[in-house]
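Coming up is one lone chain in structure tokens, specifically the form predicted alone.
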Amino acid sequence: MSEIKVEQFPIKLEVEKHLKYLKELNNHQDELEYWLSEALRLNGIYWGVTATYILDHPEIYDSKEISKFILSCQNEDGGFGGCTDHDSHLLYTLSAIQVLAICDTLSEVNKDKVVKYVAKLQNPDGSFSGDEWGEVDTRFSYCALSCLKILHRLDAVDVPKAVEYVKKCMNFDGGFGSVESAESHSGQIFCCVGALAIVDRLDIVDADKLGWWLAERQLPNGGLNGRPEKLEDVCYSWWVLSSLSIIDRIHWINKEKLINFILSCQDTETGGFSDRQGDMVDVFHTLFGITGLSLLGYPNLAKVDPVYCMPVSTIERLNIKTRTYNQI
């Protein structure tokens, strides 16, 4: 595949402005939106920290202070809440473990308590509940298996049962839904394909059929959508591309058009990425715009692992065995 060059595109990646945007995320405590998003605080830290590492400028955050806050979000049950004194959930627990791993401070957490919390959320059919209240979703299968893999404790759950449940959620079009018989969706596909990759069971996936469905998500403007007849969105530059990368079909989309689309969604004045051009930026879309560019081979970005959405350097340091995934 041809090498990507910055000069190919009419818009450049505004690295310095994105770093400024990311650095100032916690400086808005006088705004209502800051407190309305409190339940997502831990997720937001994961999105911001990972973005800085992929931009190759992790120094803009104080990793010790971040780790201290993350640890303050762990509850007695071993799980993590979205902020201090919030109830535990698998979504937040994975984000916590990811951030601690990226910051190289996993040694500071009580791993056994985390493992016990995750393991008790597995149901008899192999699925996982997100929390004690029992909602089931394939997102939680991914969160549980990813978290345990990072901690090197997949032995704590019934992996064959977990695989069996994910397989039940596969549809006729090769995609996966949130539960059995649910519509295929790019975000759920990432979760299911990622979960299967973690436990080395990609043999279940029909790579050509799924690859075709994912490649069909690219629209004439270059952007990707999450399912048929929906608008393009920068976040699917991650959900779709990572899945294509895992099944070795990433070359089935037009990389130049997608890069142009992603770059067009930057705010070139304030930094950050929005879902699509002209909308307000947020840290969620900023991370997935940047990780999408990394998967596409955009210059001067650190490599991101398509299974874990973490820097490849972190995965290597954790001694997690993973095969080499193709970038475009």
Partner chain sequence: METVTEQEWADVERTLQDEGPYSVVPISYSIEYSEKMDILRTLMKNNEKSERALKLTEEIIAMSPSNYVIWKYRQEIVKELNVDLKSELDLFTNYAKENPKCYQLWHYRQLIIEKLNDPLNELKFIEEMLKGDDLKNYHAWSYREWIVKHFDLWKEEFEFSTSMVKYDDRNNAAWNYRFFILSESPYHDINEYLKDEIEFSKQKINFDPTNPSPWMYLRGIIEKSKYELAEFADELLPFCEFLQRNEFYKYALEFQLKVNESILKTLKSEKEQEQQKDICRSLCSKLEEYDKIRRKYWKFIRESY
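Owing to the predicted nature of the structure, the values given are computational and were not obtained by experimental measurement. Positions refer to the first chain, counted from 1.
Not on display, but discussed next: the form predicted together with its partner chain.
Residue heavy atoms within 4.5 Å of its partner chain in the predicted bound form occur in exactly one stretch of 195-203, 144-152, 100-108, 252-260, and that stretch is 252-260. The three marked residues, K167, F190 and D282, fail to reach its partner chain in the predicted bound form, with no heavy atom of any inside 4.5 Å. When its partner chain is considered in the predicted bound form, only one residue from D158, D125, E180, D112 comes within 4.5 Å through any heavy atom, namely E180. In the predicted bound form, at least one heavy atom of K209 sits within 4.5 Å of its partner chain.
Taking the partner from the other structure, its partner chain in the predicted bound form has no heavy atom within 4.5 Å of any heavy atom of S245. The closest heavy atom approach of V163 to its partner chain in the predicted bound form falls outside 4.5 Å. Its partner chain in the predicted bound form is not approached by G297, whose heavy atoms all lie more than 4.5 angstroms from it. Applying a 4.5 Å heavy atom cutoff to its partner chain in the predicted bound form picks out G81, G82, C83, T84, D85, H86, D87, S88, H89, Y92 from 77-100, in order along the sequence.
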